[in-house]
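This document opens with one chain alone, in structure tokens, the form predicted on its own.
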Amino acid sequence: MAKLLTGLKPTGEFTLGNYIGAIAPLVQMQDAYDEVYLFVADLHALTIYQDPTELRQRIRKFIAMYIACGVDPAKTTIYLQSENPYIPAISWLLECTTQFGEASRMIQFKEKSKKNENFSVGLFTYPVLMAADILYCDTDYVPVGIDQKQHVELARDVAERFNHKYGETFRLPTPYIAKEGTKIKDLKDPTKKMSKSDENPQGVITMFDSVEQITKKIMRATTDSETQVKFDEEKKPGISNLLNIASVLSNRRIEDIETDFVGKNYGDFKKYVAELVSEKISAIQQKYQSLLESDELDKILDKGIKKSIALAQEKYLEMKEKMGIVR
């Protein structure tokens, strides 16, 4: 039985780029694995200060948005990391078998600690907490970007060492680096990716934007001085970005969309893209709002955490016994 686990950090805002690049692929993965786990990494979010009220709201918003985008609770176990008390306990046992040098070599820690001398201890140890997230349920695959691959490799090294010292306990996880998918670029500066932290909100479409906001942003998107709707990322990055968006959301080939707009102007094309994006996001928003207004979200989380706790408790007790901390 192949298992896949992924986490989402409740920080920032969801963008159209996040939906196309991260959530849509996860929805497709649900049918490719026997078990899929999706957890909200709310403990990881605490490595830097978070406003408690805002964090609480974002946690619910993020889960609701993932489900509204197509993550199916019948196929995916969804839970809050912080509601499973055994995961931090497992993390401590793993910290005691992790070498200082390993943790200090983590790229993200090195980069973030350079920027801020007053970083928290949690920033240093959170890769081990990530290892606990991965190892407690004997995950086979962890989908990550190339920048996160090192963290899965640490989990694998720590698991291998524990198995060697105390006996076979953990399955060794494998980082799943997906083939590079469609990268959605900023509407105002199509040479860089669409980012939730961008300083210019006019270049970013969020999953919470209204139809009016979406239309205005797309109609004002940077293009070029020509009039031909043609895919050419080097010479026509703005139009190419809009073609990518249209292709993904309509499930049509770029070549077919180009044919539709032969002899037409950029305004016609932008209206088409705006309608596609508005229709998709509006439908998702309706499901999202329905989830927030019902008790379905709590039922989904209650079911998910029950399964997560059962697995983590079993693994924690096994680790304790093997390490000799039993009565």
Ligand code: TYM
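Take the two forms, find the largest set of C-alpha atoms that superpose within 1.5 Å, and that set is the rigid core. So that there is no doubt, residue numbering starts at 1 and follows the sequence shown. Keep in mind it's a predicted model, so treat the numbers as computed, not measured.
Here the subject shifts to the form predicted together with tryptophanyl-5'AMP (TYM), a form of this protein not shown in this document.
Colleague: Picking from 132-140, 164-172, 229-237, 211-219, which part of the chain touches tryptophanyl-5'AMP (TYM) in the predicted complex when contact means heavy atoms within 4.5 Å?
Modeller: Of the options given, it is 132-140.
Colleague: Go through 78, 246, 194, 90 and name the one with a heavy atom inside 4.5 Å of tryptophanyl-5'AMP (TYM) in the predicted complex.
Modeller: Here the answer is residue option 194.
Colleague: Between 144, 123, 254, 106, only one gets a heavy atom within 4.5 angstroms of tryptophanyl-5'AMP (TYM) in the predicted complex; which residue is that?
Modeller: None of the other options qualify; the answer is 144.
Colleague: Is residue 39 one of the residues lying within 4.5 Å of tryptophanyl-5'AMP (TYM) in the predicted complex, judged by heavy atom distances?
Modeller: Yes - in the predicted complex, heavy atoms of residue 39 and tryptophanyl-5'AMP (TYM) come within 4.5 Å of each other.
Colleague: Taking heavy atoms only, is residue 22 within 4.5 angstroms of tryptophanyl-5'AMP (TYM) in the predicted complex?
Modeller: Yes.
Colleague: Taking tryptophanyl-5'AMP (TYM) as it sits in the predicted complex, is residue 5 near enough to touch it, meaning that at least one heavy atom pair lies within 4.5 angstroms?
Modeller: Residue 5: contacts tryptophanyl-5'AMP (TYM) in the predicted complex.
Colleague: May I ask you to state whether residue 304 is within 4.5 Å of tryptophanyl-5'AMP (TYM) in the predicted complex, using heavy atom distances?
Modeller: Looking in the predicted complex, residue contacts with tryptophanyl-5'AMP (TYM) do not include residue 304, since no heavy atom lies within 4.5 Å.
Colleague: Any chance all of 188, 203 and 281 sit within 4.5 Å of tryptophanyl-5'AMP (TYM) in the predicted complex, going by non-hydrogen atoms?
Modeller: Result no, not one residue of the spot touches tryptophanyl-5'AMP (TYM).
Colleague: With both forms fitted on the core, check whether the Cα of residue 312 differs by 2 Å or more between this form and the one not shown.
Modeller: Residue 312: C-alpha displaced by less than 2 Å between this form and the one not shown.
Colleague: Examine residue 190 after superposing the rigid core and state whether its CA is displaced by 2 Å or more between this form and the one not shown.
Modeller: Yes, the C-alpha position differs by at least 2 Å between this form and the one not shown.
Colleague: Is it true that residue 297 shifts between this form and the one not shown by 2 Å or more at the Cα, once the core is aligned?
Modeller: Result for residue 297: no, shift under 2 Å.
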